[in-house]
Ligand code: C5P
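A lone chain, given as structure tokens: the form predicted alone.
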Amino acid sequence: MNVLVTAGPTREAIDPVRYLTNRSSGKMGYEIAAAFAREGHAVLLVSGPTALDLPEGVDFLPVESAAEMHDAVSRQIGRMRIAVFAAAVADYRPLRVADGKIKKSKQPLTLELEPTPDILGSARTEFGFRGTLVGFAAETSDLEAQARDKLVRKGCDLVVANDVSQPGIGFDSDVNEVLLVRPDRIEPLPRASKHELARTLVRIMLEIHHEKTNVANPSCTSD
């Protein structure tokens, strides 16, 4: 089946040489894309800038900003059955981008920021996606409550949440520890390599998709 995975950070330009970004390495999203491909699925990876090698057997669509990722997803999601939003998309971008390099001075510099497009939040409403929707939540407090709120507000079938304030997991790390939040239950997954964790997550995502498909089409036994 067709699977969309977003990964990596976005870069929001301040001027031609500077940008706002975050600490996401893209490793979790790339491992998920690779795991789906190993299962024989047709995977499109929409990724912000990373230093990672492209997983084997995966189609690749590089983007830089949140707006570019929003546009790419809007064009591609209609043919997908599963969409996994693992990218760490910037929440804000500069309201105005300077035409030339901003020169250093002794005076404070103030940046006025505006919200970026809500890509995950657009999936059900703006894009009309009806497949299996998976969101990610990188939090520093109230992990379960924050993930539950995202699940409900954005119409997800699953939210994969992790506490990035914990040392040794999450951003820039090869290991992670996550909490799976579904409409009817939660499930913690113990600390593991992102490679192993991706295999577990893909298995669970496929189970959710098949359950959802069978409920919508009771005569169908597979997808």
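Note that residue numbering follows the sequence shown and begins at 1. Everything numeric in this text was worked out from a predicted model, so none of it was measured.
A second form of this protein, the form predicted in complex with cytidine-5'-monophosphate, is not displayed here; the remarks below concern that form.
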According to a 4.5 angstroms non-hydrogen atom cut-off, is residue 41 in contact with cytidine-5'-monophosphate in the model of the complex? no
Going by a heavy atom distance of 4.5 Å, is residue 117 a contact of cytidine-5'-monophosphate in the model of the complex? yes
Though only this chain appears here, would residue 93 touch cytidine-5'-monophosphate in the model of the complex if you measure heavy atom gaps against 4.5 Å? no
Is residue 154 part of the interface with cytidine-5'-monophosphate in the model of the complex - any heavy atom within 4.5 Å? yes
Only one of 143, 80, 89, 72 gets a heavy atom within 4.5 Å of cytidine-5'-monophosphate in the model of the complex. Which one? 89
Who in 120 to 138 is close to cytidine-5'-monophosphate in the model of the complex, meaning a heavy atom within 4.5 Å? 120, 135, 136
